[in-house]
Structure formats: structure tokens, C-alpha cells
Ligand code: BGC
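One chain is shown next in C-alpha cells, namely the form predicted on its own.
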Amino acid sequence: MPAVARARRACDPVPCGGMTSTHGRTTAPRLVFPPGFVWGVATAAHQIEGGNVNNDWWAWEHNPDSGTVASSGDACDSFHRWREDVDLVGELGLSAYRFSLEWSRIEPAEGEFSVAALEHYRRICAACRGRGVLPVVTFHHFTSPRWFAARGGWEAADAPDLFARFVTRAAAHLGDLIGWACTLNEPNVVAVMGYFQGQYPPGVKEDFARYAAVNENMVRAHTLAAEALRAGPGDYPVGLTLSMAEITADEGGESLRDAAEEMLENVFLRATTDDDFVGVQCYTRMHFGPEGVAPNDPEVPLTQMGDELWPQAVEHTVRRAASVSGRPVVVTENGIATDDDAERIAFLRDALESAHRCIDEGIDLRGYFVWSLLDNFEWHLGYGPKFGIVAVTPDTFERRPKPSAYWFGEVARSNAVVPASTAGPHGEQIAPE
């Protein structure tokens, strides 16, 4: 019996809303989530597949001037070991797996589509369905084909149409198996990191006009892609995912905070009015002062990303997304970069308590996805940050579920926040490696 499956048998969940009693002590009821709440885990093609040599990120990470600390290389070899990943999701008892399509594999040259690549992703969707796992398909997660980048990337006037053509072709092949569809992953990050901060391809720095133009193009790309998905086979919810933070104003920073919320978030949230959901991807809090981005609070611990350890950002971002968009919300990414898995469990538990407060307020929150299933390639930071609930041995690609994986699996099976004592494969608490 697989180790993950043993956890299912070992745990004895308390009935929803009930009180637990341990040796005569009465504890508070568990935080129970609504029936049908979706519990998932997320990945991205370039971060786990390996060998995506035909996209702009492969070129970028091999450019010595890019500042990227490592090549993605073989990543987690998930292009070949995807079935192990789907099996892990199913064995943990999760109800959804969010993964992305690698556009450069499906359309390796402009207008030339690979049926073999489409079949590969169709097999992943089918395997999810066979496991009782909802396949949540993201059509663009940061990477674009080299041919697309060479003709201007997201700055090109016809970039939205080219992306919509790809989505139309992919959806025609996969649509009958898709569970949910996300058009673009964090288009605000693609724009600001690639066309203002210069840390992502194409490496443009502090060009506000180009950054704003890319924002506009990506909004149009989402709209066209959503229309293409609704016109194709299948019947599933469609939305986009947005990187959001609890953006706060230090003294004198109110106007810059408001401007940041407008450019980084609101411009995309307003584009979701016809969507079935908006995906919120939240990790931390950031500060703005009168001169721009301000330092972190020195009283708050930092994660491996250098961000404030701030799980309560979930409720702030979910509230904002619901208020500005008027749409149902799904937390499509949340997690922490840390080598301390006990810290990960504590973070996720606090984040879920934060999410539950939104539900108590009447916000239509429909699901929660941990980032990430696997320790993987974290873009310009290489393999240093550890977000995964499953460790991956670099030379053998062996998957090793961490205590947080067992704990989150029990949360999903119970549809409730559960004690950390369910963190081990037999229901016992295990000290992280």
C-alpha cells in the first residue's frame, strides 16, 4: 500500500462541526468548509517538466546577463513522470490538480501544432479524471514559444490573437476533459517583472509605457481566450489567476499604494466581469511609502523568498478580489518557501483560518490550492526556495511526501482544518527532515 494511502486509513476525522474530546478535554470545533469546496495543489509546466528548450524562459535562464541563478534543466522530470504526480494527488485525497500546458511544445513553430504534445496533456487530464481528481488547466504560466518572443512577445499588436489561436486549438483537443480553465497565470507578474523590473524575459527595466501596453495586451488576450474556451467543447468554469498581496501604505504612501493596486491588480480584476471565477494567488504583504516600495516590517519573520511570513494575506486579497471583480473567488495558489515543514503546516493552517473568515463573511470562496505539489524550479531564484509539500531528489527524481502533504490531505478529506497531529503517514506527528 502506498505511503500516502496509509494516511487515509490511519486518520479518524471528527464529524464536521463536532467537538473533539481528548482524555476528557474538550476542544473547539474544527473550521468546516462548505460542501463541494475544492481542495487542490498546483504546478507549472516549466517548473516541473524539464527540457522545455523551445521557450523564452529557457533562453533567458541560459543568458549570463539575466541574473537567473540556475537553469531549469531536467526540473522534476514531470514530462515523463507526470503519472507519479497525478497518483500522488489522488492518494493524498485531494480533489483537484492545477497544471499548465507548455505552449512551446504544442505550437513549436508559428502555426504548427503538435498532436503528440496535445495527446500528452490529454492523457494527464484523463488520468486525473480516472483518479477522481478535477483537472484544472492553465493555458499560459509565464513561458512563451521562442518564435512568439522573437516577433515581439506580449508587446506585439497581434499577440492576443496569437494566444487565442493557441487556446482555441488546445481546447479543441482537451476541452471535453477539462475541469476548470485558467487562461493566464499572473499576467500582472509577466508584465511587471518582464517589462518594468527586468528580472523576467525580455528583461525590460523601468519602461512604464511598455509595461502599461503589455498590461493592456494581456487583458485582451484573456478576453479572447475566455471566449475561445466557451466556444469549444466541454462545459467548465473559466477564469484567470492573479498575483495579489496585502498592499499596505506606510506613512505618506497612500497614493502610491492606490496606484500600485490599480496597475498591479484592479486593471485585471475589472477584466473578469464575464468570468466564472477569479483565481487569487497570494503569499505575503508588501509596503509602500512616499518614495515607492518600502522595507518589510523588521518584526515579521521572512520566508526563503525574502517576503514577510504573512498567511493572513489570504483574507485581505480574497476580499479585494471579490469586491472589485464581483466574481466567485478561488485561491489558486498559496504557500510558503521554507525548509521547515512544521513551519509550512503552521503557515497553511493560519492561511486556511484566514480563508474561512472570508466564508463566514459571506464571500463566495470556492476552493484552495497549495503551491506547490513539488519542490521545483523557482524562476530566477533557481532551486533554492522550497514550496513543495513533496520533496524531489535531484539525481533520481524520487518523490517523497513531507508531513505537510499528509496533513493537507487530511484537511481535504475532512473538508475542515485539522490538527497538525495528522501530519504523518500513520496519523502521527512527524518532525520534518
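Heads up: residue numbers just count along the shown sequence, starting at 1. Here the structure is a predicted model, which means the values were calculated and not measured.
Just so you know, the form predicted together with the named molecule exists too; it's not on screen, but the next bit is about it.
This chain is displayed without the named molecule, yet in the model of the complex the stretch 134-142 from 134-142, 104-112, 165-173, 353-361 comes within 4.5 Å of it by heavy atoms. Between the named molecule and the residues 338, 281, 284, 272, the one pair within 4.5 Å by heavy atoms in the model of the complex involves 281. Only one of the listed residues (39, 60, 379, 33) places a non-hydrogen atom within 4.5 angstroms of the named molecule in the model of the complex, and that residue is 379. Mapping the unseen interface onto this chain, residue 55 falls outside it, with no heavy atom inside 4.5 Å of the named molecule in the model of the complex.
The named molecule in the model of the complex is not approached by residue 404, whose heavy atoms all lie more than 4.5 angstroms from it. Among heavy atoms of residue 185, some come within 4.5 Å of the named molecule in the model of the complex. In the model of the complex, the named molecule sits beyond 4.5 Å of every heavy atom of residue 156. Contacts to the named molecule in the model of the complex (heavy atom within 4.5 Å) from stretch 297-332: 305 only.
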